[in-house]
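Okay, here we've got a single chain as C-alpha cells, the form predicted on its own, with questions on binding and movement later.
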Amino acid sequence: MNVARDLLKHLCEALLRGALTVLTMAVVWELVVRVGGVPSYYLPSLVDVLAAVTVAPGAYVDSALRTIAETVLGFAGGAVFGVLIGVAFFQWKALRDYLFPMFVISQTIPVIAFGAVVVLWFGNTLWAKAVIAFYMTFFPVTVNTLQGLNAVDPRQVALLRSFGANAWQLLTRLRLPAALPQIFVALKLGATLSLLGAIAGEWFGDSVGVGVLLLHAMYNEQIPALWAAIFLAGAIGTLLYAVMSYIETRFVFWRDEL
C-alpha cells in the first residue's frame, strides 16, 4: 500500500514538473507561431493540435493503451532476459566469447528490417510488437549488467571470500547490488527504446496504436493530428521513464547517500 502511494506521489510530482515544462513550451510555441507567422504545415498552433485530439479522443486513448501494453510486455521480457544473460556472460567467459559477438551483430540490423521479419512470423498482433520492443531492450541491459558486475571492487570480493562467501552469495549479496546503478541506467534507456520498437512495429500494419496514428496523419497530410500523435508518444515515454526512475529510488536507495 505504501509502495503504491509512494509511486503515485512520485508520478504526480513528475507530472507536475512535466506540466510546468510543457506549459512553458506551449507559451513559447504559440508566440512563435502567432507572432512569427509560421505556416501551419510547418508548425501548427497548439489549439489546432488539441482540436485534432477532440475530433476522435477515443482513438487516442485506445492507441495509447495498446502501445503501452506492447511496450511494457517487450520491455519486461527484454529487461529480465538482459539481466540473466549479463549474469551468464559474467559467470561463463566461454559463453560470452561465443555469443556476445552474435548479440553485437544483431544490433546492426535496422529495427525496420527486423520488424518486418517478426510481423511475417507472428502477424500484426500485440505479441509481434512486443517482440520488437524486446529486441530494442535486451542488448543495453545485457551490456550494462555485464559492465556493472565487472566493476565491483576486487577488495570487497576478497573480503567476503575471507568470511567464507561462496559464488552465489558473492553474486546476490555483492555483485548484483553493486551493479544496480548501471543496470538501471540501461533500464531507463530501454523503457524509451522499447516504446520506439513498439511504434515501429505498428507501422507494418495495424488498426490501433500510436504508430498507426502517426502513419494515418502523415499519409493524409493532417499536420495537427501528426503533432498530436508525436505528443502522445512523448507523454508515454516520459511516463515510462518516470516509473523506472521511481523504481530505481526504491532499489538503489543508497545513491542519495553517496
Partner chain sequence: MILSLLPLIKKRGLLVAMLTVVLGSTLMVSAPSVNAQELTEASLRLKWLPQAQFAGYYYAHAKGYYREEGIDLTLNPGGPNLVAENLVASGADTFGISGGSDSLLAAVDKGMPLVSVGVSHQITPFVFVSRKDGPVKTLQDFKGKKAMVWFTGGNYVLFGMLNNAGIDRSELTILPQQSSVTPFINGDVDVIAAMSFNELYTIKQQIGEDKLRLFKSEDFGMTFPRDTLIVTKKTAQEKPELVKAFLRASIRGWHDAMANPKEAIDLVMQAAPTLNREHQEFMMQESYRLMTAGKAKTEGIYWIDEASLKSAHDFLLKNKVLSKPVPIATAFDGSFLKSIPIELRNP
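This structure is a prediction, so every number in the text was calculated from the model and none was measured. Residue numbers count along the first chain shown, from 1.
Just so you know, the form predicted in complex with the partner chain exists too; it's not on screen, but the next bit is about it.
Contact assignment for the partner chain in the model of the complex, among Leu180, Leu171, Val143, Ala165, heavy atom within 4.5 Å: Of Leu180, Leu171, Val143, Ala165, the residue with a heavy atom within 4.5 Å of the partner chain in the model of the complex is Leu180.
Residue (of Ala76, Leu99, Ala88, Ala151) lying close to the partner chain in the model of the complex, criterion heavy atoms within 4.5 Å: Only one listed residue qualifies here, and that residue is Ala76.
Exercise: Trp227 in contact with the partner chain in the model of the complex, heavy atom 4.5 Å: Result no; Trp227 lies far from the partner chain in the model of the complex.
Interface membership of Phe231, the partner chain in the model of the complex, 4.5 Å heavy atom rule: No, Phe231 stays farther than 4.5 Å from the partner chain in the model of the complex.
The partner chain contact in the model of the complex: Arg34, any heavy atom under 4.5 Å: So Arg34 does not count as contacting the partner chain.
4.5 Å heavy atom contact, Ser106 to the partner chain in the model of the complex: Output for Ser106 is no: heavy atoms all beyond 4.5 Å of the partner chain.
In the model of the complex, segment of 89-97, 143-151, 113-121, 128-136 with a heavy atom within 4.5 Å of the partner chain: Only one stretch qualifies here: 113-121.
Contacts with the partner chain in the model of the complex - residues in 202-228 whose heavy atoms fall within 4.5 Å: Residues within 4.5 Å: Trp203, Phe204, Gly205, Asp206, Ser207, Leu213, Leu215, His216, Met218, Tyr219, Asn220, Glu221, Gln222.
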